[in-house]
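In structure tokens, one chain follows: the form predicted on its own.
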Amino acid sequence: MLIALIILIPVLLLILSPFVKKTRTLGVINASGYAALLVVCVLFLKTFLAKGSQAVSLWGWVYVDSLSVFFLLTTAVVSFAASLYSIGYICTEAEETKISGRKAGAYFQLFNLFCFTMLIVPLLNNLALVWIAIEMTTLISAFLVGFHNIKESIEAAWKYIIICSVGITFALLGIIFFYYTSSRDAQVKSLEWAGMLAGSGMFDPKIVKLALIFILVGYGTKAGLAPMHNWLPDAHSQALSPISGLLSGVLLKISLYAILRFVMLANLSIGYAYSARLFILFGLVSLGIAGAFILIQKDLKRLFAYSSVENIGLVSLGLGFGAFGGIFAGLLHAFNHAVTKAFMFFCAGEAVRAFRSNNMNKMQGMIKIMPFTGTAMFLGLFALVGMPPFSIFIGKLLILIAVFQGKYYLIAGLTFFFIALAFAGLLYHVSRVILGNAPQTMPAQKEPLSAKLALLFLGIFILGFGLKIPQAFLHLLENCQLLILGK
């Protein structure tokens, strides 16, 4: 019943949205729906753990295990925050005649479609359907990237579609290779996850290694791993701010989920060590490229986009040291980054609205012009760079501990150096936006109540998970680590 509700809530909101004409009313209904969705996901987590975390298989096409529940919960938290933030954001866009009332309605329809496709990915048993759903996230979110129909946003949307479609084609090749060895060597003639996992010990190791490279490059493109990340800065800089939060907070993680499913298939035939080396390689490349580009950014949202590349690199690095507790650390960091980055993109949305520009050289004195958002961004900055007592600090610390436990001191040194680059760049650029000299002619401005509520909601996770992680969530992460390692 709870799984059915997770699927039905965004569908019902999508069906209802054309019949509600007032933008604010539609936004409130939408946010209420995602509040209900979050409650359902929390109840499902409680029920799932109470029943011993046994995988649930329904209707032949739904399969839910601990990994599914983790990504469902992450999606539900950020989706609710984005729906709440969207109320004031879209109403302001309509009041300033940037969009029409009809287009505001179209936004909420696309929002629900986007969230629906991300929610069903962790529920699907068939790997071909997972591939289709992830491709659908690209096609739907491209309309939200190019929503304003200006030259820059249309170019970003096309770049996003082309690069991610090339990436997803590589992923398809990987799936074909997995199916080939599955059908030939294990006699499993379908792409159903449960069946393939049961026969994965008989897969041809050579084919699995080749297939895993295609999978990691393909889905890694969508996850924002460098050097396949090129779409991400442009898409984030042009997307509506609630969608930037969803892209960075959820979409990158959903693509990571798809990679982990194939890693689990590969474990019994080639072991985890091969996947670990690939994760470490892509993690280090992502950290290095992100650190360098963060230093030279001028666009606030592009800056946060490169920070996403850095953090997905850290998650990948954690997964690479999975034998030393890195999977637990990596997944914890993925969740903490999801809520923190959504928080920062919402702050950026208010800054862009106030200054009418993404250029950080034109954005100074945020804390004077919008005290609430300026203060929130100031605290969020320290959370994002990994300072205690905020949640990202815990994930970064555990990842670094895993690297040291593996006695890879050169990798640890490089990781520290790249993190320091990102730290310096973020601190320099964002502090100028917050604490710089505000234009004298610019009056103080007020944020919508929904924006404040969205920031406060995410702030609970950012601070709360830095002080004490709930036991149920820790148990879920431990189960995920065991699953991924094949234990």
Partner chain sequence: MILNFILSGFLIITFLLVITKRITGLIRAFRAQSIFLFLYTFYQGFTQRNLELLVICGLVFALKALVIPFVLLRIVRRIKAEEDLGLIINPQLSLVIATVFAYLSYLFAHNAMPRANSPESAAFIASLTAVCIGFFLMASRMKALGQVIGLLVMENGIFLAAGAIAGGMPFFIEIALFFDIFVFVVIIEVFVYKVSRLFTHIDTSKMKSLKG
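Positions refer to the first chain, counted from 1. Since we're looking at a predicted model, the values are computed, not measured.
One more form of this protein should be noted, the form predicted together with the partner chain, which is absent from this view; the next part is about it.
Trainee: Even though the partner chain is not shown here, does residue 306 get within 4.5 Å of it in the model of the complex, heavy atoms only?
Mentor: So residue 306 counts as contacting the partner chain.
Trainee: Just to confirm, residue 59 within 4.5 Å of the partner chain in the model of the complex by heavy atoms?
Mentor: Residue 59: no, not in contact with the partner chain in the model of the complex.
Trainee: Closest heavy atom of residue 180 to the partner chain in the model of the complex, within 4.5 Å or not?
Mentor: Yes, residue 180 sits close enough to the partner chain in the model of the complex that at least one of its heavy atoms falls within 4.5 Å.
Trainee: Is there a heavy atom of residue 162 no more than 4.5 Å from a heavy atom of the partner chain in the model of the complex?
Mentor: Yes, residue 162 is a contact residue.
Trainee: Just one of 259, 142, 392, 76 has a heavy atom within 4.5 Å of the partner chain in the model of the complex. Which one?
Mentor: Checked against the cut-off, the match is 142.
Trainee: Could you check which residue among 323, 176, 292, 194 gets a heavy atom within 4.5 Å of the partner chain in the model of the complex?
Mentor: The residue in contact is 176.
Trainee: Tell me which of 378 to 386, 266 to 274, 87 to 95, 200 to 208 has residues with heavy atoms within 4.5 angstroms of the partner chain in the model of the complex?
Mentor: The contacting stretch is 200 to 208.
Trainee: Judged by heavy atom distances of 4.5 Å or less, which residues of 100 to 134 approach the partner chain in the model of the complex?
Mentor: Result: 126, 128, 129, 131, 132.
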